[in-house]
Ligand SMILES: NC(=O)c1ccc[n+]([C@@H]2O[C@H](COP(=O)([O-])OP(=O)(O)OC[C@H]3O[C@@H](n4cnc5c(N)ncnc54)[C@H](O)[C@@H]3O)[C@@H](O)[C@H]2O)c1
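The chain below stands alone and is given in structure tokens; this is the form predicted on its own.
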């Protein structure tokens, strides 16, 4: 199968994981890197034996079919629109955009140009999560009726050297970490029908405790604790909490409850993890992971699946419709909190096709 040329725009911290994983997928050929800070692109290019070019030159390269957009969240839609306008398919870091209205423009332009949009997270394609999907699809826990999803921590100013952007409008724990959880849940249970939420911001400032800016105060401009309920089209109701305000807790990241049993799903920020299942009156039992992509960091698998899908003429899994739906769901929590009412979700993406059991690293079909 002919390889697909990709270009990476955005050479910050996460780009190293993407470029390392790209080597595992024979379908991909990384042709160039670019960044507004050309020195960052040069450094990554030297590290991985690649070529650094300007953004304009990357977008003009006819051998680049997919742009992998790893810029900061506020720039995701702007850069992705430029890629679409240049005739490229685009796979973006999460979230698809910081507001649904701008993400809609991207989806509509891509549809008009007959180009593909993809978006992280692609961790739901990891072996542990695909095995959980298989367990649910096979009816091992019966019909899913409820669930719980929790990410709660004291805040990223404890460890990040420049945590300001986590507390700006269009950020916060829901848009930062929510994509992992909501995407995993939509893959497991299907689309969300409506949302009820409460969003709070009880502190207007944060004190950085990480280096090199220890002791510096930064403003908070977005809710830092979001809790609520998602009612799925299937009828399942899932409780969710995303927070930068919780010192410590003992919740597991994801649990799904069915008519025959319950399932503990591993942390959706990773590709692997321990899977447990139990029926009423029974002890928890570990379930072996059946699928591949459960032994490392594969944060390029979504773009690789898009490349494979382009050549095979099939839908790709970490697609724009899924990412748009996830963004609509995440945005709905604050809307619900402000209005005091349920927010209906309009989008209805298809569940992505599951990955087959038995794939070797680099295989996607």
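Residue numbers count along the first chain shown, from 1. In this text the structure is predicted, and so the values were computed from the model without any measurement.
This next part talks about the form predicted in complex with this ligand, which is not shown.
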query	finding
Interface residue in the predicted bound form among 237, 75, 152, 264, criterion: non-hydrogen atom within 4.5 angstroms of this ligand	75
Heavy atom within 4.5 Å of this ligand in the predicted bound form - residue from 14, 357, 341, 353	14
Close approach of residue 166 to this ligand in the predicted bound form, 4.5 Å, heavy atom	yes
Contact flag, residue 55 vs this ligand in the predicted bound form, heavy atom cut 4.5 Å	yes
Partner contact for residue 93 in the predicted bound form: this ligand, 4.5 angstroms, heavy atom	yes
Partner contact for residue 180 in the predicted bound form: this ligand, 4.5 angstroms, heavy atom	yes
Check all three, 36, 160 and 299, heavy atom within 4.5 Å of this ligand in the predicted bound form	yes
Location of this ligand contact in the predicted bound form, chosen stretch of 300-308, 25-33, 315-323, 63-71 [non-hydrogen atom, 4.5 Å]	63-71
